[in-house]
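In structure tokens, the next block holds one chain alone, the form predicted on its own.
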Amino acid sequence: MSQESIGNTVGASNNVNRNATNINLQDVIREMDRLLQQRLRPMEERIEQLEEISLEGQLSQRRHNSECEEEYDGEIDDEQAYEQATRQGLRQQEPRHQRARPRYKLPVLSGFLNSTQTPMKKQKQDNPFNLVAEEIIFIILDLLNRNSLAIKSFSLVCKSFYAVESKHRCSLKPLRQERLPALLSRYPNITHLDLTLCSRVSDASLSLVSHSCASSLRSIDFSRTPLFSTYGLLRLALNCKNIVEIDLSNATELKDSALAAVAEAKNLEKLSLARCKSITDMGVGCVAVGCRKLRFICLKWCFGVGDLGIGLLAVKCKHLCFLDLSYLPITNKCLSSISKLQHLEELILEGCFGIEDDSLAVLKHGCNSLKSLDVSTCQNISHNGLPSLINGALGLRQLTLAHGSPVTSSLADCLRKHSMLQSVKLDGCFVTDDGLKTIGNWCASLRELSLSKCLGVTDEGLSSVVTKHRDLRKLDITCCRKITDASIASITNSCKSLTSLRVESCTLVTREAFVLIGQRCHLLEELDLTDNEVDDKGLKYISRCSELSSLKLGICLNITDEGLIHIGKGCSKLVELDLYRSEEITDSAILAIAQGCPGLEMINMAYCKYITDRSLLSLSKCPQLKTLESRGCSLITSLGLKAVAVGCKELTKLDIKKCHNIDDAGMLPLARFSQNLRQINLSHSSVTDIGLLSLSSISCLQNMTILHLKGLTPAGLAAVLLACGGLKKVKLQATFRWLLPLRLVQYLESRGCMFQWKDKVLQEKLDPKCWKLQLEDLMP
């Protein structure tokens, strides 16, 4: 039946409704529903025919039909929304024959009436989506929280979804400060603001934030964001009364006056000041006096802060739970104040060379609440002073002694009574067999043990530990070059619940031992076999670890496609794969990984010389791929890069250094499709000024390395640097330093861009086998 006849039917029904008042309204609605459902199919066929008409023709025809379909304005609104989205280009990337046809089903009026109980005249103006409660939409948005693209698409469904999404969003991470006004206007309920991607943040922007988010803002991150001053921080602290967290890490120019402004945030609980090298005890004292509710503070590498500042913090901020004093020039003078902190749970004293055994006695009866202690690189703390430091901390769960005194039986014995201890990190220490045996006799049940680069670790000592601590979940024996197959057998036989195992550069372990890992440790999620003798047989058994998400096989010269095909079939949850310099790998292996691991996010196939465009075409089917490193893969071309750009729209890091066959033709697809790209390395490629200039359309691009590009000219480089407004870090050859105008460089630096000038000459690629032998010769 034609649209006109349906309109006449509707009109007749309306006349019945007006004139025969004795007829029940519900009966009329039910009869209308029945008639409309009978005519639904012919109308859908008519709409399918209309799809063959041009878009402008459809708009004209449907506007005409809307005059005779007055009672169904809600449905016409859906058509108009769909056509508007089409005009905005949301579907312009799809071929016309692949576009999903919209289904214009008429609403069931009786259901609308029963659900809302409002007059029909008001109902006809409502969009069906308006009837969805905000609470339900909030639940949907919570489920989409990690997928920004899905949230954007969802918010464009209709105006009501757009409005609700604006109310729902609580966190914001803008790319540039110029976009802050529009973003803050749209999202009024922001509680967390991350400005780390902005190349600069001015005082004017901070004033805008302080007024727009005065009541809602609770957390703000300035780390790696320059150019703001004390005035901006003061406005923020005074206006945003509910702010509890501020991160000012890496603000190397920050002065004590800025901390005085921060001290106005009276409700502040968490403050990060890592690498703020210009602040002193005075600034920290202002924070201590003004922010009495402080629970977390990081002062790592704040070289101007000493005993006075730390003492003031400990006296004034009695609720401190986390204290990071790494590499501060503190001595025993502030330790007595620290020992009185009743709520302190995590204390980091890494690199505090002024603390000695004799000064630790003051802590003997303090720090009872301590759960985590890091005294790595404290060369002056030995087994004599350590008991004083942890004597009262019977609830200690994590202890880090990396790069410190030798781990002997005396040192290990002083930790015997800490039954709650779960994690011990001894990286870089000299460890004796007696020390490991003593650790094995602890009453605690360790869950994590790190022995990375520990000289002195042998099969005897390691076996004594793993046979006693069978509940180990994480074990790191990187560069323990004295262990053999016997250690691997003990580990796999005793610790079958391992989720993380790092065995990098254990050169005495033979290929047969890696079979045991796959046979016995089926719960592994992380496995690092870099620079080992593992072969295809070992990978076949490792493929039984179905929970594996991270696998590192760099410099594994015995593996081929056969082993990786097994990995692709058995490890479907793989997210990270490292094949650096595993030169026997070809396109067949990458195809198997791409097909079997659709959630792959990172792959490193640098210097795999047989990789071609077929591998990149396979990887283009992994839509979640974020990091692609194909450095030195000389056979790949711009054609393969185009496939990755089109298929992997989440790509954020790309390394195509020494890919000589990639030129400007590969940059154009990146510029169009890879709008999330943040870091790119184009050194030694065939890209010229034109290709680089096309990348200026990528608003997220922040880090660019462009060394030894033969087609790069000073004029072209200047144009590129000006056009890429979001750049924060650029690596260039030192020769360009004198070819670019000084005023241009100064302007770019004022915009927040940092330059690194490199003098490194072009080096020939080393044979990996020869390189490996040279590395072994250097080891003791």
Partner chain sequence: MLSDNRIKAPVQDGVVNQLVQASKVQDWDPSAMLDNLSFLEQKIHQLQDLVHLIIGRKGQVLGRPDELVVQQQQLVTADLTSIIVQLISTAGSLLPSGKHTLPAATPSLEQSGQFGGVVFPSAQGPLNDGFQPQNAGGSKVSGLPNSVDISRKNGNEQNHIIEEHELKDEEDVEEGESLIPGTYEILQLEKEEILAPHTHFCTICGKGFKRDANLRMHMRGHGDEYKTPGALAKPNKESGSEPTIIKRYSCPYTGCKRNKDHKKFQPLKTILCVKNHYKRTHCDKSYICSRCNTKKFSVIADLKTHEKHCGKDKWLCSCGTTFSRKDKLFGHIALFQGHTPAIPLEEAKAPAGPSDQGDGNQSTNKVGSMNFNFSSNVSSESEVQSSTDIKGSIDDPAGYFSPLSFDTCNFGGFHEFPRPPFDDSESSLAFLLSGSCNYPQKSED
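Numbering follows the first chain given and starts at 1. Not measured: the values here are computed from a predicted model.
The protein also exists as the form predicted together with its partner chain; that form is not presented, and the subsequent description refers to it.
Listed stretches are 447-455, 195-203, 561-569, 699-707; the contact stretch with its partner chain in the model of the complex is 195-203, by a heavy atom cutoff of 4.5 Å.
Taking a 4.5 Å heavy atom cutoff to its partner chain in the model of the complex, the contact residue among 367, 240, 286, 585 is 286.
Out of the listed residues 684, 552, 678, 235, 235 is the one that sits within 4.5 Å of its partner chain in the model of the complex by at least one heavy atom. Proximity of residue 231 to its partner chain in the model of the complex: non-hydrogen atoms within 4.5 Å are present. In the model of the complex, its partner chain sits beyond 4.5 Å of every heavy atom of residue 688.
Using a 4.5 angstroms threshold between heavy atoms, residue 460 stays clear of its partner chain in the model of the complex. The closest heavy atom approach of residue 713 to its partner chain in the model of the complex falls outside 4.5 Å. Although the partner is absent from the chain shown here, none of 470, 489 and 495 has a heavy atom within 4.5 Å of its partner chain in the model of the complex. Residues 231, 234, 235, 238, 255, 256, 257, 260, 261, 264 are the members of 231-264 with a non-hydrogen atom no more than 4.5 angstroms from its partner chain in the model of the complex.
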